[in-house]
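There is one chain below, alone, in structure tokens, taken in the form predicted alone.
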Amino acid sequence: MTLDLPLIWAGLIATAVLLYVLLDGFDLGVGILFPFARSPAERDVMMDSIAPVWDGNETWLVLGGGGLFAAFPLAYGILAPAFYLPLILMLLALILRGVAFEFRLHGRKRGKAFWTFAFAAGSLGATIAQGFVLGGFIQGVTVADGRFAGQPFDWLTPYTLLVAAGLVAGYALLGGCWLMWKTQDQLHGDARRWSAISAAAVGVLLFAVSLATLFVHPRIADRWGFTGEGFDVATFLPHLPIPLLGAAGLGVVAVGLWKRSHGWPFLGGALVFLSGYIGLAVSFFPSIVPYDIDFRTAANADNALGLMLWGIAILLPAILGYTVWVYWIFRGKVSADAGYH
């Protein structure tokens, strides 16, 4: 049996991006919520809650980006210049965030305040940049003769601003739910309130983005049954479980908050993101450069894909194993006086 190497690599990259969004999403969300903490001591606990895992979470971004470059060079060569500015903004923000994470620990009063601001600004900046990239990707990229043929600011539109706002709310929801899971006492209560506010914002913005997406490109509307001739129920019904999964995720968050659960709200937030991710995949698959180039056209030669697959077969279990091990070791609550316990 011959392996469908382009499809396997498309699945691997899609999985890496999803894991990055879920895992780095909550620690970016913690940074977004940083300014709302009551005191520097609370911020110390918030930072301690992500300290063992935040840098490992970003491994999935490297794997996704590197995989795109190696497995689908044509797509990488088009998408990179199309989103050059927001990608640079994202990388600079992530660097600022990483430096602030390390320097804040050793700063004195003024220095600590500055690095606190830098950590929050880096987290928010990286999230907004990712929202611009995501929104621009959904809008579609102008391609001519296998090259990016658009303008440097094609990604900056009212739609991408809406997507960026939705992603900020979504990461804040993940961050708040993570803090509910990992903290206690007053900070746990604050995180519950932040999660409730974020969940309400996510519900509104998710509906707004979903509705706006139907008007971004006619192919998306057709996929979901909204044609120029009206609404096609038969086309929409197979996709109905996707929005229902998102609604169920928000329901799990709401019930978990109401019952003061520690872990269920985070699961609900993850389900919301999973629903959105699957919905986007349905909207433009098999395009890897929406909406002109599919993943098979953009794929590298099979011998190169096969050789790299041997490498990922060794690397991926190691990354997954390390990730699971770290989360297991630091599975307890975090407190100001004793750290993890």
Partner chain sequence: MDFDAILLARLQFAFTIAFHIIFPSFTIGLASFLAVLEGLWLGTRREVFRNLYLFWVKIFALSFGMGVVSGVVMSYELGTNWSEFSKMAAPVIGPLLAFEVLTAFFLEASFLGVMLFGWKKVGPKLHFTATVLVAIGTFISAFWILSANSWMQHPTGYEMLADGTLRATDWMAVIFSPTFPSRLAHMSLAAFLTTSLVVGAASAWQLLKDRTQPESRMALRMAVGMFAIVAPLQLVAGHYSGETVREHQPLKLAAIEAYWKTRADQPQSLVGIPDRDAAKTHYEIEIPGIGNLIQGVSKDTVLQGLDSFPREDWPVVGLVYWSFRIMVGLGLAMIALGAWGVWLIWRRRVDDAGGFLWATVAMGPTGFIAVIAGWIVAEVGRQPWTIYGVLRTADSVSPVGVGQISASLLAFMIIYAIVFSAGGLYILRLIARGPAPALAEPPPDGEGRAPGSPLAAAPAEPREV
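Numbering follows the first chain given and starts at 1. From a predicted model like this one, the values you see are computed outputs, not experimental measurements.
Another form exists, predicted together with its partner chain; not displayed. Remarks below refer to it.
In the model of the complex, no heavy atom of A196 sits within 4.5 Å of its partner chain. Taking non-hydrogen atoms only, T116 approaches its partner chain to within 4.5 angstroms in the model of the complex. Its partner chain in the model of the complex is not approached by V233, whose heavy atoms all lie more than 4.5 angstroms from it. Contact check for K259: no non-hydrogen atom falls within 4.5 Å of its partner chain in the model of the complex. Look at 49 to 57, 24 to 32, 269 to 277, 284 to 292: in the model of the complex, residues with non-hydrogen atoms within 4.5 angstroms of its partner chain sit in 49 to 57. Residues D44, L92 and D302 are all found to lie within 4.5 Å of its partner chain in the model of the complex, as judged by heavy atom distances. Interface residues of 62 to 81, taken as those with a heavy atom within 4.5 Å of its partner chain in the model of the complex (partner not displayed): V62, L63, G64, G65, F69, A70, P73, L74, Y76, G77, A80, P81, in sequence order.
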